[in-house]
Each structure stands twice: as structure tokens, then as C-alpha cells.
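Next up: a single chain in C-alpha cells, the form predicted alone.
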């Protein structure tokens, strides 16, 4: 039995995009869990199964992405996060890698691979 590359949590407020990203990353060999709100993100991260990287829609609600990132940094300082943002979003102050939304999933896949690679080298 093949073990997935890493487990991702796809946190996206739009259910259609969330499902599309789940399928795209699962096709790449990642284990994938999803969340539609900040509260669901916190539940997924508290799960014993664990998550290696979070792909976070910066406009997710309950709590919103802007306040969720500092909370996650405090609770899970080792968690890798890639922010998935709309053009013009000002998420740079959150100190995380960000990829602009726009339907080009290859950029998002590349960013996830790079962040996971850097995390593996840091160990």
C-alpha cells in the first residue's frame, strides 16, 4: 500500500473550488482533508491524523483568515501554510507564502511542493 506524499488541509469557503482542489491534490498523491470555515480548520488540525500543510483561503470565515493565521502560528508553530488569495489581497503581513487565485492550479501545486520541500530540509 502506498502512503500519500503528505497530508494537506484545503480550507476554502467556496465548496466547488474546495472540491476541485481536493481532487487536484489527491491526483498528485497527497492525502487531503477539507474545511469550509476557520472552525473546521481548527477541528482538522486537532485531529490525531495530523496535517502537514494548510492551503488557506484568506477570505475564509469563522474565524476569518486574517485572524486565523496568527492563531494557527501560536497553536501550531511548525505548520506550513500557503495562503490562496485574490489579486490585490494584502496578506503579506501574515508572513506566509501566498499564491494568487485565478484558476492556474499549477502555481498552487508548485508552491505547496516548494513549501513542503523547504520544511523537509529544515528537519
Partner chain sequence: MPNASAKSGKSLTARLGLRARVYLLLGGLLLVNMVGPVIMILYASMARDLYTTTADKDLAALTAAHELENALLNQKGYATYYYLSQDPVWLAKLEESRRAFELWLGRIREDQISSEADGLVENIALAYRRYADAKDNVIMLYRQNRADDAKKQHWGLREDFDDLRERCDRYKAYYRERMRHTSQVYLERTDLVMGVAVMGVVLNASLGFFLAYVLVGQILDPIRRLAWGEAGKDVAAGLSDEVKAIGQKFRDLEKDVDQAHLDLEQSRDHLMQSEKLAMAGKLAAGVAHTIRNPLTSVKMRLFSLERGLKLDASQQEDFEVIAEEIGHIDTIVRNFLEFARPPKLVAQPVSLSAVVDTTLTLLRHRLESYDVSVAVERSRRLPEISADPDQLKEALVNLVLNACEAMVEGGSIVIREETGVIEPYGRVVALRVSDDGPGIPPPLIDRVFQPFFTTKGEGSGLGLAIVRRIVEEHGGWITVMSPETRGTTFTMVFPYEGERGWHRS
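Positions refer to the first chain, counted from 1. Quantities reported herein were computed from a predicted structural model and do not represent experimental measurements.
Heads up, the form predicted in complex with the partner chain isn't pictured, but that's what we're talking about next.
Taking the partner from elsewhere, residue 19 is found to have a heavy atom lying within 4.5 Å of the partner chain in the predicted complex. Interface residue remark: residue 86 is counted as part of the site for the partner chain in the predicted complex, having a heavy atom within 4.5 Å. The partner chain is not drawn, but in the predicted complex it has a heavy atom within 4.5 Å of residue 24. Within this chain, residue 59 lines the site of the partner chain in the predicted complex, having a heavy atom no more than 4.5 Å away. Of all the residues from 29-50, none has a non-hydrogen atom no more than 4.5 Å from the partner chain in the predicted complex.
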